[in-house]
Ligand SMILES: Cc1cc2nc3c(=O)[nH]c(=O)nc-3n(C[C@H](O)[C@H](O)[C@H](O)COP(=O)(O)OP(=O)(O)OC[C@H]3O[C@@H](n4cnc5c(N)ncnc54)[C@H](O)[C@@H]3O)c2cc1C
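A lone chain, given as structure tokens: the form predicted alone.
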């Protein structure tokens, strides 16, 4: 088998790492999506080395590449809570990210064909913003560049974990090199030659670390290898995701609209050349997440006019007229919760631990809080000179995250089921609840604090 995992480790300023906190212990990270990349950077911030294994091939990117968007309307986006922004600020990455981030100054909530409505305003809540909206492609690009620049992070892409074995002191994984490696994989990165030689041009390797963190998604291979079961619930819905252009500027307002089929979120985005903080930019681009009944999604993917007309009907004129839409994607909505998130020296994180409904945009932000807490706990172990894979410490991590996770899961489910229930009495009750939320004192600040991820 003449297949080589692409392994990269590039040089950066050694003064950027606090050497007195560095440790010989290493963390294996399975899954190099946004959560896996962010967790590796959090560990490096605390002087902890990691090896990140990603089954897909990363594209070759350079810091000097033109960062202009090639497709004005074709992108997926993520709403970053204030807490997530703070986490990226802590590791010194936010300055690189913010040029393509669009802040949320206000949130409007309403239901189609009903009287209830509510609003949150940053001035009333005395906050800088409720969060930021960013294109996934930009976030992933900057995370990958930062990972490639860290001497504490080794990346092996194009490889899949096939076995996990634990001992009292370490975790060993087998990885299989994927057969669909690209022809230019050897020239697309600034590779460490000795690291590449370690792959020995074979189809598999063994890697050993002090602990393993699985960030490999909803259908986690590592979770299955560890024998950890899941609880799954099919919402019988699909989320259609894309970017639209309206004839009315967004004014940094996020709008959450509920319809009989499910929630519809329209979020502000930066203009095509970035800089969501420039007052001279018009702001006609908006991210859309629209939930429809399962089985209906294909017609909206294929028929642009139908999609825009249906959005307009459900949304009214709150955002003006929907005039353009880009390429759309549809994703089945299923809640998947791991039966446990720690098994010995292994931790399940990200969508592998909890895949949630996209309502209120809580999923990724919850994952980031998990990653931040675990990185801090591992850093404390390093400062004490103790084992970062200590099973009792990892169990404490799992216990510490349960309150925040359960609260977010309950909230998401309550919103989904509460706003799709067809009973007229329930509909009246939820609209009265929206009015109460908008008028009663002390409720808004509490809800806003939780939504921003500032109270776990």
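Numbering follows the first chain given and starts at 1. Bear in mind that the values here come from a model prediction, so they are computed numbers and not experimental data.
A second form of this protein, the form predicted in complex with the ligand, is not displayed here; the remarks below concern that form.
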Contact stretch among 121 to 129, 313 to 321, 299 to 307, 238 to 246 - heavy atom within 4.5 Å of the ligand in the predicted complex: 238 to 246
Are all three residues 109, 338 and 415 in contact with the ligand in the predicted complex, where contact means a non-hydrogen atom within 4.5 Å? no
Would residue 62 sit within 4.5 Å of the ligand in the predicted complex, counting heavy atoms only? no
Does the ligand come within 4.5 Å of any heavy atom of residue 53 in the predicted complex? yes
Does the ligand come within 4.5 Å of any heavy atom of residue 47 in the predicted complex? no
Flag residue 389 as yes or no: does it have a non-hydrogen atom within 4.5 angstroms of any non-hydrogen atom of the ligand in the predicted complex? no
Just one of 35, 394, 27, 42 has a heavy atom within 4.5 angstroms of the ligand in the predicted complex, so which one? 35
Can you pick the one in 375, 146, 346, 161 that has a heavy atom within 4.5 Å of the ligand in the predicted complex? 161
Given a 4.5 Å distance limit between heavy atoms, list every residue of 76 to 109 close to the ligand in the predicted complex, or none if there are none. 76, 77, 78, 79
